[in-house]
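One chain is shown next in structure tokens, namely the form predicted alone.
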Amino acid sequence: MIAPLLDPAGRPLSAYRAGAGDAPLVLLVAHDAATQQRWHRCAEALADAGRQALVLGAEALCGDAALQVATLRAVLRQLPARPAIVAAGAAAAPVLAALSGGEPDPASALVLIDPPDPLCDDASIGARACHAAGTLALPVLVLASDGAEAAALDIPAAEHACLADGAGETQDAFDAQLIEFLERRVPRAPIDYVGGSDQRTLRDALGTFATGVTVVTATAPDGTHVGLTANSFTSVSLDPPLLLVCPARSSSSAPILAEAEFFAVNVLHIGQQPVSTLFATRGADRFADTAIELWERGVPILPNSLASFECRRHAAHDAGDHFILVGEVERARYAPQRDPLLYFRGKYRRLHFA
């Protein structure tokens, strides 16, 4: 069950709910009373189709454009799951702007109906909305009524179609059009992986486990520093102090790490995303412009990381196309004031505090 929604000042927002509480969520955003009533009817159709619908009251889009965006972002943070969002007309700009701001994909899909041109009278919010439109990586459907002037939106891979009731057809026709898109692009049924089937499906399933990001480093016998990005990292034991990482055998650094007596694990903070990308790029000179420190064991430590662990090799185990490297921690340093760089569903994320 969705708790009562609050605006940024803590005031309650009205919302119309339909459908089972554990069903996939659809958020319908109304910019006026007429649209709100239409969304009420649409919500019932979505509920009949096995989805949970939430119609946000039109007062959420009162006030200036910046306040509208802040309210929508507050709503998205309070929802228990990433919703598919449906917005019509003037609601398009604040919805798009709310999807920007460094939190990738706070929605599972987006449906825009007759987005206006220009998107918003507020140039700043309009620019944010256009930027968000150009960076969306989620399924998007843009519907236009007959004769409506198309907004100049550049949304990669968006589907475009005519609005079903734009020529006077029924509400049922629009509801069917919306449900067909959601069933096709945001299916209700969980996706199954069966042994021997598509590896991409398995990889996507594994990607639902959110992790931090580390750079694992070591020094070769000839003094050359090596390192790679890894998010398969965990603590193992406090007594003795053990941790493990799982480097890919395909990495150029893997042969050195597999034999190194000492290695380090550097846990990255949100400002070190470029470092993560660098150490994951094949063929890059990873230490040419990377500041390092050398502690007692001579392995490279990335200064100002969220945490760094200097380890003695404890054990190594074969694990298919990776190997498990267990280290005994000899020294550790961490910065409690920093926030972690996170990785979830194949993308970098930032920590959100409710």
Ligand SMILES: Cc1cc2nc3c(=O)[nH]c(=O)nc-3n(C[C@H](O)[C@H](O)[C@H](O)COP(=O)(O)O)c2cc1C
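Just so you know, these numbers come straight off a predicted model, no measurement behind them. Heads up: residue numbers just count along the shown sequence, starting at 1.
Only in words, not in the display: the form predicted in complex with the named molecule, which the text now covers.
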Of 197, 235, 250, 224, which residue is found within 4.5 angstroms of the named molecule in the predicted complex when only non-hydrogen atoms are counted? 250
None of 130, 228, 111, 75 but one has a heavy atom within 4.5 Å of the named molecule in the predicted complex; the exception is 228
Heavy atom to heavy atom, is residue 31 within 4.5 Å of the named molecule in the predicted complex? no
My question is simply whether residue 242 lines the interface with the named molecule in the predicted complex - judged by any non-hydrogen atom within 4.5 Å. no
Taking the named molecule as it sits in the predicted complex, is residue 280 in contact with it (heavy atom to heavy atom, 4.5 Å or less)? yes
Close approach of residue 314 to the named molecule in the predicted complex, 4.5 Å, heavy atom: no
246, 322 and 348 - do all three of these have some heavy atom no more than 4.5 Å from the named molecule in the predicted complex? yes
Where does the named molecule sit in the predicted complex: which of 298 to 306, 282 to 290, 53 to 61, 37 to 45, heavy atoms within 4.5 Å? 282 to 290
Would you give me the residues of 123 to 144 that have any heavy atom within 4.5 Å of the named molecule in the predicted complex, in order from first to last? none
Look at the CA atoms of residue 344 and residue 85: state whether they lie closer or farther apart in the predicted complex than in this form, given a difference of 3 Å or more. farther
Change in CA distance between residue 344 and residue 70 in the predicted complex, which is 3 Å or more, as closer or farther: farther
